[in-house]
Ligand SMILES: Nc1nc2c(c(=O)[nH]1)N[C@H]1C(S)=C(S)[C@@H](COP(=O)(O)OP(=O)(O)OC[C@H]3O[C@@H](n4cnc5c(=O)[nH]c(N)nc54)[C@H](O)[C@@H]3O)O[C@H]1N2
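Next up is one chain by itself, shown in structure tokens, the form predicted alone.
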């Protein structure tokens, strides 16, 4: 119980990318979260909170907490070992792979999760001494196609100004459950009530958001490309494009128009399952609108033609001039860039395109399970659970056991940890300073560094400390350097420390790799209590202050020269609800577009458009007649950092949603059991009848299929792990993102 006068502590929710600000009261013993409410002072959420945040204590207080380093035994069991032994053995084995085969054969996966991003920065401390070159994380199975398209067209990822748009379009997105922009449910209600605004939802399912929409385009599952091509073709063929705006701001209109003039709109409408009149009238509405903002998400990004869809939806609002002004789209000024669409070569075995430095998740196992000389031979996995969260779980288990050495850093013995050679326990997100990087607001953008709520227990270590110990064991930390920098801090203050750090880096550029860990060990010691983990942001703040000085000064922050970076850093670590670090005008958006010109023509994707009318899409077969959407977001599903099934108040088992007509044909009733089979495997699932689903379309939620100890300590699995049913071979041809939302499946009744 809490005392009546218990202090409200400020932090953030970590169950989706919005990371809304929250305030919590702790129990009298200070060990648990007792009450939760929204933080009115948070720059983004401003007191808003959804139903999930009140369950955060299920993440912090858990029966499966990992408290000691664990080493895998020959029989597959695990034994606890001390930290010195774990670090020494890991460093020795990883160094052996590096020295024998090259550091590029050690693969890094993860580096943080929702609201848990600083490990990604600290990972460099061990990656650089090991010579690691290849990495990936969850963004590579969701967003890389969109990032790649956006980079080529606009020079960066664009976000919508949904609060001021006359027409808002949600594409493969149900923000009522998955959010995606600040204060989503409040904003959706406001859109629905305003007669001057139009809300359009494109989704096969009649979602909670679709219930409030003015127009719901219930596209046939996996056919979004035909719908969008028909809408863009309507703009071109009926001459509804904004030629004045395009002449000033864009290049490539003639090439785009030349392709879409030949598109058969009636055929596109037929293949998308909609009337041609509906496709045309929706396109006309968009063309007439004063402003349009679009948000796409996993419903199309994990689906067929996903990269093409990301291109088509941008053509829809760019051809009508909906960029760079209020109510349209903008590229945000971020403190750190997590949305790079740059190409970075190809993977060493599969030759898969690497976007933003991330190897496609669906090819990683193929880069391991081969006799190719360039295969990955070791893996470092941090704050990630690829065995559960990536396609084809059985193949991931096989790949991890095929490695020469594998290391996992996490708070629990996850499905991935149980395949690793070593498992290292980390402090939780609420036991150290942490930060939220997915901030894309405009004209004011903010950054939130969270102060810890709890003292960490004996045993787990911060990821920064783990990486620094590995770097030391590898001999990558010069003797005496750490103490030298601590002494400079004590005698010459921050200014002298800054000069000493930059001098050391100039003298020995190799130190740049271990710089995050050095900052943790040195600057971190003089930060406010509990804020040591934020030390790596000091370098980020200086980089930002140099690159975006005007935007930073416009917020009211003061500082001359290098002092401005320190001023920003001090503000971040002292302000519990977050800091506005960027204030801009709409003209600044155009400064981020290369040459100030939008590139409409992407020849490879235009070639795909030209082929759409010739295709006869058949997503299912006689053997697998259903399409499964694997990983739907529901009212009580989230990422898998909460493993305790008791956190869910609804749909505890994560039922299979199926149209009642399909269920009747298969002799399935509410609460019955069905077996769902795909080429990857089969699972028994609980059935829930749902008339919001298309016939032939079924769904399973994300975040399920995890095991957790019961009252007797026996591991019990709840629900179905979707990736026991998905295949790594079903993926986008350009960037390798998976087709999780359209997996061919067979469903049968189980007695």
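As the structure is a prediction and not an experimental result, all values here were calculated from the model. Numbering follows the first chain given and starts at 1.
Below: the form predicted in complex with this ligand, not depicted.
The partner is absent here, but in the model of the complex a heavy atom of 641, alone among 403, 641, 191, 600, sits within 4.5 Å of this ligand.
Among the residues 159, 633, 532, 353, the one placing a heavy atom within 4.5 Å of this ligand in the model of the complex is 633. Within this chain, residue 697 lines the site of this ligand in the model of the complex, having a heavy atom no more than 4.5 Å away. Although the partner is absent from this view, residue 702 contacts this ligand in the model of the complex, with a non-hydrogen atom inside 4.5 angstroms. For residue 204, a non-hydrogen atom is located within 4.5 Å of this ligand in the model of the complex, even though that partner is not displayed. Interface residue remark: residue 421 is not counted as part of the site for this ligand in the model of the complex, having no heavy atom within 4.5 Å. With this ligand left out of view, the stretch that reaches within 4.5 Å of it through heavy atoms in the model of the complex is, among 111-119, 586-594, 536-544, 662-670, 111-119.
Contacts between 125-144 and this ligand, taken as any heavy atom within 4.5 Å in the model of the complex, involve 138, 141, 142, 143.
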